[in-house]
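In the block that follows, a single chain appears as structure tokens, in the form predicted alone.
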């Protein structure tokens, strides 16, 4: 009997040791959760990382802040900076020169905007800074709306005035360029690439309506909620499931003002010079935050039926919340549903 017990012990003890070693390895390699908040590009940015090395995390947060801070400066239309040529410089400079040398990152964003002007048949127009400034003044004062004549008088620039040349040069045409549909997505994509370059793959970034996720730590997919545009408490109308994706929403339900019972939001249609009213919001799911940011704006400026055809040619899916409070999805959205 004792011999049997000894045999069982000799079998169980090694198994127990192996089990403890496995548990130790699992828990040792499981990253701790770290979070940090930033505020750039007029947006609260929330970042969550999972990592075992606290020093590496601190390095990562410093790198993330640097990226957002620099893109914020580059895309700023309202302030100049001593250390950088930005959109304000392009528009307001008094230099008597034919061209201005840009930072590579700003050059790339402007080039991206010009490229999508053609692809979107003019719906994405980064030369509309003057018109957007008129609307901003009325939105800040929350009193009245601009007339079409006033908007047309300020709509003096066009996309052809933005002339990019070799060696990161731009023609000194003083165009009031707006990268509101590009810069935040661009910076967020750069943050994701930076994290992965230093070996952090378990992350979540929420930059306002721009969410980018890597690989979840303890489950197969992230659950990403899409805000109900009718909700004042931030309630969710739909959930998207995925990893290594970006989920970007454009809508008129956050930045707007009311006049005579009518809401006027900040996304202006270049064809009418008025806020677009085809839907309440649209969300784009793709693997690139740059693409998601720009597509969500383009789709918001199109009728839903036109947008459904447009998205079929892109590496992306979309969810529309129409003016009748119905949810409409593109043909491939089932890959992001819970199964």
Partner chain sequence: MNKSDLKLIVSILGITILFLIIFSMIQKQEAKTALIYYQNEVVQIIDLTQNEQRDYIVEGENGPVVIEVNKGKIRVKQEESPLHICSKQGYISKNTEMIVCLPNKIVIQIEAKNIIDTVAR
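Not measured: the values here are computed from a predicted model. Positions refer to the first chain, counted from 1.
Only in words, not in the display: the form predicted together with its partner chain, which the text now covers.
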Exercise for the section: Name the single residue among 130, 206, 168, 120 that comes within 4.5 Å of its partner chain in the predicted bound form, judging by heavy atoms. Expected result: 206
Exercise for the section: Note which of 254, 193, 108, 160 lies within 4.5 Å of its partner chain in the predicted bound form, where distance is taken over heavy atoms; exactly one does. Expected result: 254
Exercise for the section: Please determine, with the chain shown alone, which of 145-153, 241-249, 95-103, 108-116 has non-hydrogen atoms within 4.5 Å of its partner chain in the predicted bound form. Expected result: 241-249
Problem - its partner chain contact at residue 87 in the predicted bound form, heavy atom, 4.5 Å - result: no
Problem - residue 222 within 4.5 Å of its partner chain in the predicted bound form, heavy atoms - result: yes
Exercise for the section: Indicate whether its partner chain has at least one heavy atom within 4.5 Å of a heavy atom of residue 236 in the predicted bound form. Expected result: yes
Handout entry: residue 211: touches its partner chain in the predicted bound form, heavy atom cutoff 4.5 angstroms
Key = yes
